[in-house]
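Here you get one chain, nothing else, as structure tokens; it is the form predicted on its own.
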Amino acid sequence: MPLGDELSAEGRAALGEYLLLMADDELVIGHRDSEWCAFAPLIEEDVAFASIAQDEISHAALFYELIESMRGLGRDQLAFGRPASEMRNATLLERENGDWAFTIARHYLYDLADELRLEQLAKCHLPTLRAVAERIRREEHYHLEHGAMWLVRLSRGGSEARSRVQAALERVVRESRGLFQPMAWEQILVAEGVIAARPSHLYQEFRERAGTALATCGLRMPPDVPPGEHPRGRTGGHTPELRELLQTMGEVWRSDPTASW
């Protein structure tokens, strides 16, 4: 049975939107992570971030394949053929990498948010989606551990490293609310039993888990921001940084969209 056939038409449409959101997140952060290859502060991190990037992009491909089975659009078209206004990734993920402290703060907090939503999907009553979520979650666990290790390392790396990572957290936390931007279709997925809780309602748990982790490093969890002040990448409100990134990512595909790579 194709994915989502047991859902209502509204449920299938909502599921397609949720899968697209997750796929776009993984694709965009995967590309940003790949940009550290040969530029990370340690040669081991060149390898680590290249591996993490490969994982994220492969996770995006899995989600795009599920969407393809539902909508008939090919995964390359989904990944490279849409303008920025049709991308559903959180704005935080498209930001340029900046310094190492910003990358690590974003790396950890995004993977924590991703863990929360994968926990939900791993309980889904749709067997195909549950299996994909469980597979991805096992791999993402190591990404989360990697980010946590670097937070500890930076927090204990002297006054400059500590102040830089704290400053990065102020920026990342401010934009992290955009990872939980409320969407109109969330309640449909809850009503049809695909997920147990609306994704936007996971934000407080995200702050609690993040606050506990940061406290163990001696770092401060920055204050919350009002709900209306977060970026709206989920509904196409993106930055010029995403347009530039999409231009780079899709350059080869646009040379011959009909080619089989």
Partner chain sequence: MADDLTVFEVFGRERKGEPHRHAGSLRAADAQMAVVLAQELFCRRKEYVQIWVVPRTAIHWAPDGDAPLGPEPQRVYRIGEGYRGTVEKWKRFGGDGDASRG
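Values in this document were obtained by computation on a predicted structure and should not be read as measured data. Numbering follows the first chain given and starts at 1.
Unshown form predicted together with its partner chain; subsequent notes refer to it.
Participant: In the predicted bound form, does every one of A48, Y108 and V152 come within 4.5 Å of its partner chain, counting any heavy atom?
Facilitator: Each of the three qualifies.
Participant: Quick one: does E186 come within 4.5 Å of its partner chain in the predicted bound form, counting heavy atoms only?
Facilitator: So E186 does not count as contacting its partner chain.
Participant: With heavy atoms only and a cut-off of 4.5 Å, decide whether D55 touches its partner chain in the predicted bound form.
Facilitator: Judged by the heavy-atom cut-off of 4.5 Å, D55 is in contact with its partner chain in the predicted bound form.
Participant: Does at least one non-hydrogen atom of E86 fall within 4.5 angstroms of its partner chain in the predicted bound form?
Facilitator: Although its partner chain is absent here, E86 would stay clear of it in the predicted bound form, with no heavy atoms inside 4.5 Å.
Participant: Does T235 reach its partner chain in the predicted bound form if we count a contact as any heavy atom within 4.5 Å?
Facilitator: Residue-level check for T235: no, no contact with its partner chain.
Participant: Tell me the stretch among 121-129, 178-186, 142-150, 86-94 that has any heavy atom within 4.5 angstroms of its partner chain in the predicted bound form.
Facilitator: Going through the listed ranges, the match is 142-150.
Participant: Which one of S69, Q204, S200, T216 is close to its partner chain in the predicted bound form, taking close to mean a heavy atom within 4.5 Å?
Facilitator: Exactly one listed residue reaches within 4.5 Å, namely T216.
Participant: Taking its partner chain in the predicted bound form, which residues along 85-99 bring a heavy atom to within 4.5 Å of it?
Facilitator: Stretch hits: zero.
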